[in-house]
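One chain follows as structure tokens, the form predicted alone.
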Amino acid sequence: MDCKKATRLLSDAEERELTARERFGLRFHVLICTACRRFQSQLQLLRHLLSHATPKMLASVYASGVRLSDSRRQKIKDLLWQATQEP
């Protein structure tokens, strides 16, 4: 399994139950892949933070108008692309 498929399955697992084959492949991949392990941890942290956020907190974040700069956004895209290219 490659990182692109693993990250897709990690995201999909939030919305549906993975098949036994998907779970096995994902567990094995995450076991050997530091980047995907980190992505899994970040997803878990986001889920935790969002589950504990109040509607008022979420509204203030959306209303703040905070946006990433174009250069920072490009840097994130580049890093994500590089992560998907690693064997």
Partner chain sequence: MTMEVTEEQVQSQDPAEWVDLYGDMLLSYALSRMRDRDIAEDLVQETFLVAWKTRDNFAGRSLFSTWLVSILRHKIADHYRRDTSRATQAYDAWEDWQETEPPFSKTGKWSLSPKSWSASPEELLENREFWKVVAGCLGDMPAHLAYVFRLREFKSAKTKDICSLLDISTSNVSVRLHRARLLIRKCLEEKWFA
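Computed from a prediction, not measured in an experiment: that's the story for all the values here. Numbering follows the first chain given and starts at 1. By rigid core we mean the largest C-alpha set that fits within 1.5 Å across both forms.
This protein has a second form, the form predicted together with its partner chain, left out of what is shown; the following refers to that one.
Please determine whether E17 contacts its partner chain in the predicted bound form, using a 4.5 Å cut-off between heavy atoms.
No, E17 sits far enough from its partner chain in the predicted bound form that none of its heavy atoms falls within 4.5 Å.
Test of understanding: in the predicted bound form, would I32 fall inside 4.5 Å of its partner chain by heavy atoms?
I32 lies outside the contact set for its partner chain.
Could you confirm whether H48 comes within 4.5 Å of its partner chain in the predicted bound form, counting heavy atoms only?
Yes, H48 is a contact residue.
Can you work out whether R67 and its partner chain are in contact in the predicted bound form, taking contact to mean some heavy atom pair no more than 4.5 Å apart?
Yes, R67 sits close enough to its partner chain in the predicted bound form that at least one of its heavy atoms falls within 4.5 Å.
So which residues in 1-34, when you check its partner chain in the predicted bound form, have a heavy atom no farther than 4.5 Å from it?
The stretch touches the partner through D2, C3, K4, T7, R8, S11, D12, E14, E15.
Superposing on the rigid core, I want to see if D78 changes position between the shown form and the other one - specifically a Cα shift of 2 Å or more.
D78 C-alpha, core-superposed: shift of 2 Å or more.
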